[in-house]
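Below, in structure tokens: the form predicted alone, a single chain.
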């Protein structure tokens, strides 16, 4: 016997409402950190300008492209699941995870370079902010990848479909927040003088 198809009603926000409270709190924490960075920078312009030049802007730009591209594939995954194309959803999420892993690898190489040079949180105020902000974001990328990986596993087990895709949208919303934070963090720390 065929069960009636019940489509999910459109919502104002994609995914679960609880993730939006979490995203709001995360963005609030990052906003406070960015404001603290900007205020401290305004009081130490010469120091910040000097040590900002030691950062690898090209690496930061590539990382920006990696996260934006990853988010593109997450969008494709959400679109695919809404069309009941589960395999395409899984493929796109796996590609997004690959780009996320590329971000983590490149950022790890940056950290290795800094730590090998003896740079730590206590080196100076600029590096305290650089390391704190980027490592906090790094941890969010890891969490986002864990969430996307969990969605891939659930999708493989048949938990998502065109009629039940809020879990995919929920994970996608978190991933886009991680991307948004980097899009603000990169110019703030690497470029703006």
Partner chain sequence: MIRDEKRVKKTIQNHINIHSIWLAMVALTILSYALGKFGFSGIVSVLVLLLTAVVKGTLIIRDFMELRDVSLLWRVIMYGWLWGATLAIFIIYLVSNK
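Treat the numbers as computed from the prediction; the structure is a model and nothing was measured. Positions refer to the first chain, counted from 1.
Missing here is the form predicted together with its partner chain; even so, the following discussion is about that form.
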{"query": "Partner-proximal stretch of 41 to 49, 120 to 128, 133 to 141, 151 to 159 relative to its partner chain in the model of the complex, 4.5 angstroms, heavy atom", "finding": "41 to 49"}
{"query": "Partner contact for residue 115 in the model of the complex: its partner chain, 4.5 angstroms, heavy atom", "finding": "no"}
{"query": "4.5 Å heavy atom contact, residue 78 and its partner chain in the model of the complex", "finding": "yes"}
{"query": "4.5 angstroms heavy atom contact with its partner chain in the model of the complex for residue 54", "finding": "no"}
{"query": "Residue 111 within 4.5 Å of its partner chain in the model of the complex, heavy atoms", "finding": "no"}
{"query": "In the model of the complex, residues of 67 to 102 near its partner chain [heavy atom within 4.5 Å]", "finding": "68, 69, 71, 72, 75, 76, 78, 79, 82, 83"}
